[in-house]
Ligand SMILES: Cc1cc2nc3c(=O)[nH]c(=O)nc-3n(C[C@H](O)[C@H](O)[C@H](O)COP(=O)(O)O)c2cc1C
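Single chain ahead, by itself, as structure tokens, in the form predicted on its own.
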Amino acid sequence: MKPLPASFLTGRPKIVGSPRLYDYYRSYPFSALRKARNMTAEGIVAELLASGLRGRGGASFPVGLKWQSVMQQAETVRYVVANGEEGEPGTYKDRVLLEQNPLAVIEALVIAGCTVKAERGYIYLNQNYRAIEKALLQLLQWLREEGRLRCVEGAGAFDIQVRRGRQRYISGEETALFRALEGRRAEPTGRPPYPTEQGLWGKPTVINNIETLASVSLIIERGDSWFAAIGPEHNHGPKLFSLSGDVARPDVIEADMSATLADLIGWAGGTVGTFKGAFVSGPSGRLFLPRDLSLPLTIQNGCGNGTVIVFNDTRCAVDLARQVTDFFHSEHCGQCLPGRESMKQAKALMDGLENQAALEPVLQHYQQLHAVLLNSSKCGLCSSGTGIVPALMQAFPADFARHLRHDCPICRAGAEVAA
């Protein structure tokens, strides 16, 4: 196991809910903002492109290209948005980052607003982040009073507002988040047009994940070469991993993407019990098995949003598959027919598993539903939630066979404990 790398994004005392909030504000250097004031918008985008920064919310799109696309639009009314919804199970890195260093996110949002000439910014939070909302509102008030919500002196008015969502998982999808900010029901819309062309209120919009924006502040402050030198090729910069499940010390761990799953588990004190598998990039991501422990957690290997949920050999794969299916069945928007019907059938398959004669027809049906969603659903949220269950069926057929025989000691023991 490697030594734990240095922390650049995290590792500070928790500020949110602390009496030290004002001291934190007074001592924050605003180094990136000061540097950005002496740069052109084109220079800022060039630095982001040279750094190799990709979005940290899961899609991994190059951040510089996104900002550049907004700058190229003919429409002059533009917006910048920080996505802090974090509605997927096991995802909590952005919450920790906001609790420890919220001004890094605000600073980057101001830089983004100046770069693309936006008239307003928004920070959209998970509905449970009340204490974070309160701290952000106070910090923004102090910034307004001192005229710091500008990247360039004499620039036009720019302000940042904070919103907490009413819904959870679905609001993390970019277009659904825009609708929520507009006061409408959070439902995804089709693409194209893309948010950089028609986003919030139909205007060009930069939307970045909280961790992504904090990385922007680091790049502007320290330089693109510094950021690009961290991590393997095409996977640059420090990365936050939300590690939970059957590990000794669940935590947010900061490392670069050369880190392996074995490294993360080692830094967290090891697996509790015997490692069986992990959901990497959460239940909508990729299934890692014991043979994958030495794989680097890169974008190419499914690192995605950095969520890692470890499970040991006391967990039944059928129970995990049902939990994943139930989550996406209850959280999908229900807007399109393929999504509605496919998720309904997926849940029926898992609920009625014990009534099936063999696993292979169940696997084939679930895979067909996943293919339908990939090709026909209005957004990617349903299809992302139906990929890991077939992987569980293929990796742990013995667990499913026990359920077909109505004889799973793991689930039976769990039911007896619950009773």
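The first residue of the sequence shown is number 1, and the count goes up from there. A quick note: this is a predicted structure, and the numbers were derived from the prediction, not measured.
Omitted here: the form predicted in complex with this ligand. The next part is about that form.
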{"property": "Contact label in the predicted complex: Pro204 to this ligand, heavy atom within 4.5 Å", "result": "no"}
{"property": "is_contact(Pro102, this ligand) in the predicted complex, heavy atom dist at most 4.5 Å", "result": "no"}
{"property": "Contact test in the predicted complex: Glu85 vs this ligand, heavy atoms, 4.5 Å", "result": "yes"}
{"property": "Partner proximity in the predicted complex: Gly57 to this ligand, non-hydrogen atom cutoff 4.5 Å", "result": "yes"}
{"property": "Single option in Val45, Leu381, Leu33, Met350 placed near this ligand in the predicted complex, where near means a heavy atom within 4.5 Å", "result": "Leu381"}
{"property": "Residue among Ser217, Thr115, Ser281, Asn209 with a heavy atom within 4.5 Å of this ligand in the predicted complex", "result": "Asn209"}
{"property": "Segment that reaches this ligand in the predicted complex - one of 86-94, 223-231, 70-78, 267-275, heavy atoms within 4.5 Å", "result": "86-94"}
